[in-house]
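So this first bit is one chain, no partners, the form predicted alone, shown in structure tokens.
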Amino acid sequence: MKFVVTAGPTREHLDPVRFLSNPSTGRMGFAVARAARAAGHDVTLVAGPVSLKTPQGVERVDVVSARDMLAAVRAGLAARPSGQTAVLVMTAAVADWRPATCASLKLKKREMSGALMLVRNPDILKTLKNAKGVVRIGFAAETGTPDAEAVRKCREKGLDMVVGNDVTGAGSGFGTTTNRVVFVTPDGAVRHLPLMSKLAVARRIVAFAERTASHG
């Protein structure tokens, strides 16, 4: 199959030196890309600004903004041979909003009002809701129990699975090598996994995608 995996944060610039972003390091997405490639799949990794080494055998596309990421995901899905099943795993922490305007030069303090006008970024999974032949897996990074939000996202976006986690939990926040997640599927099933390495979680995700594709 063709896996398209997103990883890391996006940056939404106010000017060339200021931006909105988040602390995502991309480790979970890179682990998924590594696990999918080890399982014999073709993998395109769409990475926001991170400082991680590309897994061997994986095609990497570097992006900055949410709109850059959407374009790269579309291109990755479109590049697969006709009839090949694709899997989209959206581990990236995509910024929901961006500044309404981006200055071409650094803004001076005297030019800034103290109020920042924002516009909503496209929701990549919602935008690709009707993509044919694509298994779609989303993530719900929450502060607190992720179950309810994971269920909502799974149903609202028509996903095959949502992986939820509490980023404030020990061993499952940004920048860790481990994760404690919950798998939520459209039938309402909620499966809590114990704390494990991100690569172990990634292997579970790849196995789920393989099963889902084979039943589709």
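Here the structure is a predicted model, which is why all the values come from computation and not from measurement. One rule holds for the numbers: they count along the sequence shown, beginning at 1.
What follows is about the form predicted together with a small molecule, which we do not show.
Of 153, 180, 60, 37, which one comes within 4.5 Å of the small molecule in the predicted bound form, counting heavy atoms only?
The residue from 153, 180, 60, 37 that makes the contact is 153.
At the 4.5 Å heavy atom threshold, is residue 76 in contact with the small molecule in the predicted bound form?
Contact check for residue 76: no, nothing within 4.5 Å of the small molecule in the predicted bound form.
I'd like to check something about residue 86: if you look in the predicted bound form, is any of its heavy atoms closer than or equal to 4.5 Å to a heavy atom of the small molecule?
No, no contact at 4.5 Å.
Residue 140: heavy atom within 4.5 Å of the small molecule in the predicted bound form?
Residue-level check for residue 140: yes, a contact with the small molecule.
Considering only heavy atoms, tell me if residue 157 and the small molecule come within 4.5 Å of each other in the predicted bound form.
Looking in the predicted bound form, residue contacts with the small molecule include residue 157, since a heavy atom lies within 4.5 Å.
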